[in-house]
Ligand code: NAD
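Presented as structure tokens, the chain that follows is alone, the form predicted alone.
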Amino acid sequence: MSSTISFSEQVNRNFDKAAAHTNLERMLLTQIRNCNSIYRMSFPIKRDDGSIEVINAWRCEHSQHKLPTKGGIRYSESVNEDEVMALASLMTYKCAIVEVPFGGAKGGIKIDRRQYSERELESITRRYTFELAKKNFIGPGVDVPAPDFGTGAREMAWIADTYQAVSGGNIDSLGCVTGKPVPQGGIRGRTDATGRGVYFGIREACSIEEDMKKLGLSTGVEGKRVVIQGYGNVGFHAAKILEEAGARIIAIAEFDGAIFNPKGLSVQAVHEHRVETASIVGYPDAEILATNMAALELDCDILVPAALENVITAENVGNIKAKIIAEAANGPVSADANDRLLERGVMILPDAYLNAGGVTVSYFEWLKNLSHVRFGRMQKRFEEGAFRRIVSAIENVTHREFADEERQSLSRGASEEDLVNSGLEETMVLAYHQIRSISKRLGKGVDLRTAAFVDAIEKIAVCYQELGIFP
């Protein structure tokens, strides 16, 4: 990103570019674009050594056109008000694109989590939750956080427990946050949801012969050379599922280094090496790149930036050789770099669509918390009984008996994870083709990012128009 444009200005530039392709009234566009509310807080915590530290944190609710608002909480030293506002607005557009009935929100605490003990992190998380509850910035029908950079299921469990304690026995209180551990109201399939959604988006893009031909690529994921930048939860699962689909993961980059093997890396083996050594560096049968950012500039078919924003900027865009950039992170390509990549014919799968797998499955978890029943519980056994009867009927007609393993596979009912993954796939497939259709309809020069924003703007506009406030 250039030094003269902030992250929120970058998002708004994309919004304005898309808004020009709509026929909506100016004040309606202003309402959709503007951030509704932001809460900045400071609170003290006691460190393990007895010292007192003041923590700075934020929660932004970009749009309440639908409730609750929804968005992750990140723990990072780079957190600031502009970043939180930008990410909240992206969440609004993201939810609209995949037709999840939430407004956008985002939260952040300005800390390096590696510098705090587990007790200190719990204290920070619980105090942050209390501050949100005190100002009505959290609740199953108000604002529902989720994991983001630097947070995970453990932090979400602390948030849920704290909210339950202060909410006065609200029966739906577990719906105040998603991404929780399964025994504490979470849902199966949430951990790999964002990475799996990234895979579904890439798969759909690569399945269209017309588009791949323009890039000089064959259709399908199989055989594609992939670089993963960011090997956290999203990057790992995206890499793992792409590898299972036949892609070749030639490089992986993390904050502490990058490794490269043109013949392909074993995603699981790299993961196990990292668990053992706390780093991907030193993995055998791989070359160590000079810097972690060097991975972005490798010759590859698909580049998956899955870490933080603004890793591809005006400064390094000239060195990017990928034919497809799949934005698994939020805002990894700056506005200036985006324009230059499009001029070179690079396909960019935009973050507002591609990393929506997390919020999609968070929606399923929220529904589960409000309904108080596990998905699949009511129909799984019934389906298995029906499938067994069908298998038996086929055996009677064909006079062929299935092996026990075949019979079991054919008669298996859908589990909660099966249903979650199926719903996620349907969401990502439908959304991609809607975006591509808009891009084709609006004509030359309207890339997938602009089309995604047009899709979001038009869907949000309908909500305001139905209220009779705007024409």
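Since we're looking at a predicted model, the values are computed, not measured. Residue indices: 1-based, along the sequence shown.
Same protein, other form: the form predicted in complex with this ligand, not shown, and the subject of what follows.
- Only one of 202, 88, 352, 253 lies close to this ligand in the predicted bound form, with a heavy atom inside 4.5 Å, and it is 253.
- Of the residues given (323, 368, 190, 224), 190 alone sits with a heavy atom within 4.5 Å of this ligand in the predicted bound form.
- The candidate spot formed by 74, 231 and 307 is fully in contact with this ligand in the predicted bound form: every one of the three has a heavy atom within 4.5 Å.
- None of 143 to 151, 209 to 217, 378 to 386, 129 to 137 except one has non-hydrogen atoms within 4.5 angstroms of this ligand in the predicted bound form; the exception is 143 to 151.
- The closest non-hydrogen atom of residue 109 lies beyond 4.5 Å of this ligand in the predicted bound form.
- Using a 4.5 angstroms threshold between heavy atoms, residue 328 counts as touching this ligand in the predicted bound form.
- This ligand in the predicted bound form is not approached by residue 273, whose heavy atoms all lie more than 4.5 angstroms from it.
- Although the partner is absent from this view, residue 292 contacts this ligand in the predicted bound form, with a non-hydrogen atom inside 4.5 angstroms.
- Residues are counted as partner-facing when one of their heavy atoms sits within 4.5 Å of this ligand in the predicted bound form; in 202 to 220 not one qualifies.
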